[in-house]
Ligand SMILES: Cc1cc2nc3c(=O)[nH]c(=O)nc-3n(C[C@H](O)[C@H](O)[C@H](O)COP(=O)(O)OP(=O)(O)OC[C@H]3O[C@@H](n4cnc5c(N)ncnc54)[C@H](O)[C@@H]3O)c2cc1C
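So this first bit is one chain, no partners, the form predicted alone, shown in structure tokens.
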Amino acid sequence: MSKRIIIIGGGVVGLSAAWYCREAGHEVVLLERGSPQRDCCSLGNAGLIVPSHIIPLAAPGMVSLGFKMMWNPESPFYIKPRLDPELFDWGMKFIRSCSPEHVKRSAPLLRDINFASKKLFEGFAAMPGVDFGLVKKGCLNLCKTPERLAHEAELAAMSRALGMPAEVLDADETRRLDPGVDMDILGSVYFPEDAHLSPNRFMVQLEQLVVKAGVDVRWQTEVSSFELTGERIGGVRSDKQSFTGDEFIIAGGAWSSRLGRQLGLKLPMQAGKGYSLTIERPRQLPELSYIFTEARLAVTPMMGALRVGGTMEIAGLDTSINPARIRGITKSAGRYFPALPPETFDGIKPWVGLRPCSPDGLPYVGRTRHFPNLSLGTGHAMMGLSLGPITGRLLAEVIDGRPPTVALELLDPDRFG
């Protein structure tokens, strides 16, 4: 039976949900607070598709590492101190989640959901007239120190045990995979199943696909409140008009917890600010995507350009640019790629985006028990783009009552409620 579905949020998750719900025959209205020329977290990210990312953000060692980084203003991680009960609650839940048991439970799911999403990206790329620069050559995790290479080798062994190909390489073996790039490294781990794309192009083309499919996209329409009918949601209100529907999806990224709060939902989330800089004509253009492990930077070729991005700054819904974080990125890049000295980035306007981070590093996907016609798709942290299509498909399956492509128990939106 066709339903009228209201989707709140026009990022990669919201657009993917709109596509798959429309494909299932539903009437879909998508409400996006920004304009068609908006800037959102789905646009300026590193463009990585990462089946290799089987370790959630909440993992053993992350708490001590975070404390060490806190005192360096140019480090990849920072929490802005503030008297905020929600931040304290999130932090305590994060600490409790940083356990080997949590990683053991989460890794197979993250493997499966990322592989499923990669297949959906391949499906989009095969459509006539669609080209968003999908490159399936893998990703190299570069290491400069013996300690880091040993740590990455342990992760590679864990990946192989879960059926994920991973190769530990020395410096010469790494260079042979991408001979056009100068590197100053000790070694690397190569994940051949990873891929990359241009997120800007993907988002533009996905928007065009959903509009062509008949989705009613309403720009500059920010949801201000919900209309309840008994135990169900009957509609939403914006400053322009009300929208009624049979099913509702919250896919508002870092703003999702604020929306959920209006409905009494407990959805612990912090905005993890990330930055990127895009070099339009780099001196050397890699063929593969890279992660600089000690610096926690991602470096991605994008249809002739090169994007360098990273940092995780927990500072609330704040999109201001912290110059120290930018200096950290520009100084670190050249330590791995000598062709990227700090002056390479002179005059480049930094991009900033807010990643929605749950305290256990897993997204919130599926129905909430509090309202029988409300589903959520948010909290993906640094894997929002990679998991966008599969999240949209899972939400469509939930709404239709179909068996989900992957099990959703660990992604339950009510798991902290």
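Heads up: residue numbers just count along the shown sequence, starting at 1. Since the model is a prediction, treat every value here as computed from it, not as a measurement.
There is another form of the same protein, the form predicted in complex with this ligand; it is not shown, and what comes next is about it.
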query	finding
Listed residue that, although this ligand is not shown, lies within 4.5 Å of it in the predicted complex (heavy atoms), from A58, V365, I390, C41	C41
Heavy atom within 4.5 Å of this ligand in the predicted complex - the one residue of G328, G310, G260, G187 that qualifies	G310
Distance check, I8 to this ligand in the predicted complex, heavy atom within 4.5 Å	yes
4.5 Å heavy atom contact, V223 and this ligand in the predicted complex	yes
is_contact(A17, this ligand) in the predicted complex, heavy atom dist at most 4.5 Å	no
Residue contact check: A46 to this ligand in the predicted complex, 4.5 Å heavy atom	yes
This ligand in the predicted complex: contacting segment from 164 to 172, 91 to 99, 244 to 252, 77 to 85, heavy atom within 4.5 Å	244 to 252
Residues from 369 to 399 in contact with this ligand (non-hydrogen atom within 4.5 Å) in the predicted complex	H380, A381, M382, M383, G384, L385, S386
